[in-house]
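What follows is a pair of forms of the same protein chain, given separately as structure tokens and numbered structure 1 and structure 2.
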Structure 1
């Protein structure tokens, strides 16, 4: 029996992050501050939906990041692409009057282009993903600042401003904010893609052994590029949500999002060397980061300690994943 459980854990990489999430959840309940009325603040429905809403942007980005990391790449440009997309959204809907549909299309398209460029530079230019996406990170930020003329653009509603339909991103349905639905749906769609679809398998193959994938007849360059395109697309989607949440497109936003996303992916059990990982794991990784920020925030723990604790958690999570590393290290 014990063996079966161990085997199950070994074969399902998302279990460890799921347990991590569960453990943190229980800890958070245990150490939840108590409100004046004596209820556990952490467990309040409002707080739980807050957590979900707060992580939804990083969550959507992390889905794309998972794909890229599975192919043993990395995408540092997601934070900048988010800012670019948010800026595009604000300007599209306010200044250029493109309307709801075309504004969103434009913002998403921007992300796709950014992702394609990163992917193409990595694949055909044979430049390391780290460098290629670092350049994109700088360039996309620059382009966003250029569009915005160095200022943020506020989004207002009414005549000559944003249409009411744009409120869909800030509304709450059945008590849950709309971005949360998007995050969950995106996670499900891409989890299905990774597990059931050809392209998903190809991502794993490239990450596991690129040479072998090439010789097995995979169009490695195109497949890898597509991972970056998805990453750019999802960063742009997160950017639209970001702009709607803050009623503003700010070219300076999204700084450091890439690191949060990478942390979530790694905590979720995806190997940075590629070929190993799950989106379910990433989902839990995102929640772990969200809950951690929340519970520390509720306790008023200051930034310095928050950062130290986060650092420790990331290392602990990775150690858990690589537990057998020490055994077969020889």
Structure 2
């Protein structure tokens, strides 16, 4: 029986982050601050809803980051692409009067272009993904600042402003914010792609052994580039949601989002060397990051210490992925 359980855990990589999520949830309840009425603040409906709302953006970005990391790449530009998309959304809907539909298309297209450039530089330019996406991170942020004139652009409603349909990203249905539904749907769609479609299997193949994938006739460059395109597209979608949530497009937003996304992916069991991982694991990794940030915030832990803790968690997660780490020693 014990062997069967261990085999089941080994075959289902999402089990470990799922247990990690459950353990952290219990710890958060145990160490939750108590309100004046004697209730646990962590378990308040408003607080749990707030966690879900906050993780939706990082969650959507993390789905794209998972695809890129599966191909043994990395995308450091997602935070800047989010800021660029949010800026394009605000100006498209307020200043350029493009309307809801064309504004969304423009913002998403911006993310696709950014992802394609990063993927093309990595695949055909033979430049390391770290450098390529670092360059895109700087360029996208600079373009956002250029469009906005170094200022944020507020989004208002009424005649000559944003249509009421834009409020869909801020609405709540059945007690759950609409962006959470988007995150869940995106996760399901790409999970199906990874497990049931050829393109998903190709991502795993390239990450596991790129040379073997090339010898097998796979169009490695195009497949890898498509992973970056998806990453840019989803970062742009998160940017649209971000602008709607804050009622503004700010070119300075999204700083550090790439760290949270990478942390969620790694905690979810995806190997940074590529070829191994699941989106279910990433889903639980996102929830872990969200709960951790929330409980630290409830206890008044400063942002800089939160970043240090997240950095330590990434290192710990990578070390735990090394199966023989404790046997090898330091």
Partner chain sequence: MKKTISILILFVAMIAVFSACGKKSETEKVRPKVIGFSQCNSAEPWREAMNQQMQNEAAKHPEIKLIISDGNQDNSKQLADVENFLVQEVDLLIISPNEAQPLTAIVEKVHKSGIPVVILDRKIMSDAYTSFIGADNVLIGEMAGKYAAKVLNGKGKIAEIWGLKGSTPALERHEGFVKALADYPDIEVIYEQDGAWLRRRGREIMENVLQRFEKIDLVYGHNDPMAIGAYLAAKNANREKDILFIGIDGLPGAEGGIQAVENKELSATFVYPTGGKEAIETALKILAGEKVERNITLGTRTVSLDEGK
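As the structure is a prediction and not an experimental result, all values here were calculated from the model. Positions refer to the first chain, counted from 1. Each form is matched to the other, and the largest set of C-alpha atoms that superpose within 1.5 Å is called the rigid core.
Structure 2 derives from the form predicted on its own, whereas structure 1 comes from the other one.
Comparing the forms between structure 1 and structure 2 on their rigid core, the Cα displacement of residue 271 stays under 2 Å. Remark: with the core as the superposition reference, the CA shift of residue 54 between structure 1 and structure 2 stays below 2 Å. Rigid-part rotation between structure 1 and structure 2: 11° for the smaller part relative to the larger (C-alpha based, whole degrees). If you overlay the core, the Cα of residue 305 moves by 4.3 Å between structure 1 and structure 2.
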